[in-house]
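Before any questions on how it binds or moves, here is one chain, the form predicted alone, in structure tokens.
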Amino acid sequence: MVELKDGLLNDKHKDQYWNDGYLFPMQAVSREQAQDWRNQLEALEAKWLDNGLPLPLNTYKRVNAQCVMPLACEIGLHPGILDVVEGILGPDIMLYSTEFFIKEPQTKHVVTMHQDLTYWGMGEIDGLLTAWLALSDVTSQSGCMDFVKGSHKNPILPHEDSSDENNLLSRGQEIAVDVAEEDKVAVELAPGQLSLHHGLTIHGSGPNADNDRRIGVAIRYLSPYIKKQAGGQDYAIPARGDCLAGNFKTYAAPDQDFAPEALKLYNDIRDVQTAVMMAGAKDNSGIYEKVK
């Protein structure tokens, strides 16, 4: 357990992150808060599943939920989580995306071993990280993430696309090298606990053999001073500090679920990111449409 003092990382924690490429677990929010967020998410799922959205509800949960769901922004902008992230990125932080990764009970869905930065058009940067928050008990049995220690010191490695319908990733991306089981570190988390990982850290997760949903929130944060190297100008929400560098278009958190103006902005962001994410893909994605 990474013990936080006043909610902050100390120098030892920071050194561990930069040495290993990840850090966990931190109790960033209370179990009660995590349960409340889970309750809100599941209420939203029940309300909007068949409510005539332009795209499937799962697409909105999995891609840029922060653009159309106030709950996703509430989580991504929570001070307790930002306090932890500030220890790595510094005082100026932008919220790039919030994604709900859910594995239903007794299902075979997996996330193949990959590096986050492979298809994001940002190159091999240090100024982006993922904070992964558990809203349920996340164990090896339920398909927790596995990290490969020190793998962030590699460049972006070759990846191959997979057509496996059980792969939760946008294009089924997987590093084109084998990862030995003994090199995987299981990232088990209790509700409200958080892990951090570098954008180049190799990671993935197995199926959920448990009887409860495995619910995690992948929150991507970036420094406002990094610049996207491919595609058009991308979007992010100012989260803390000075976010006026101009490298990302900024927008405000939504104040209601799936408002028309938010859905339009969502499509604009998705178009920009699809052009980079799906470039060269052989197949269409259920989440990102293939660029024609």
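Please read these numbers as outputs of a predicted model, since none were measured by experiment. In case it trips you up, residue 1 is the first one in the sequence shown, and so on.
FYI, the form predicted together with a small molecule isn't displayed, but the following is about it.
The stretch that touches the small molecule in the model of the complex, counting heavy atoms within 4.5 Å, is 211 to 219, out of 211 to 219, 181 to 189, 70 to 78, 86 to 94. Of the heavy atoms in residue 174, none are within 4.5 Å of the small molecule in the model of the complex. Within this chain, residue 111 lines the site of the small molecule in the model of the complex, having a heavy atom no more than 4.5 Å away.
In the model of the complex, no heavy atom of residue 194 sits within 4.5 Å of the small molecule. The small molecule is not drawn, but in the model of the complex it has no heavy atom within 4.5 Å of residue 119. Between the small molecule and the residues 98, 136, 151, 205, the one pair within 4.5 Å by heavy atoms in the model of the complex involves 205.
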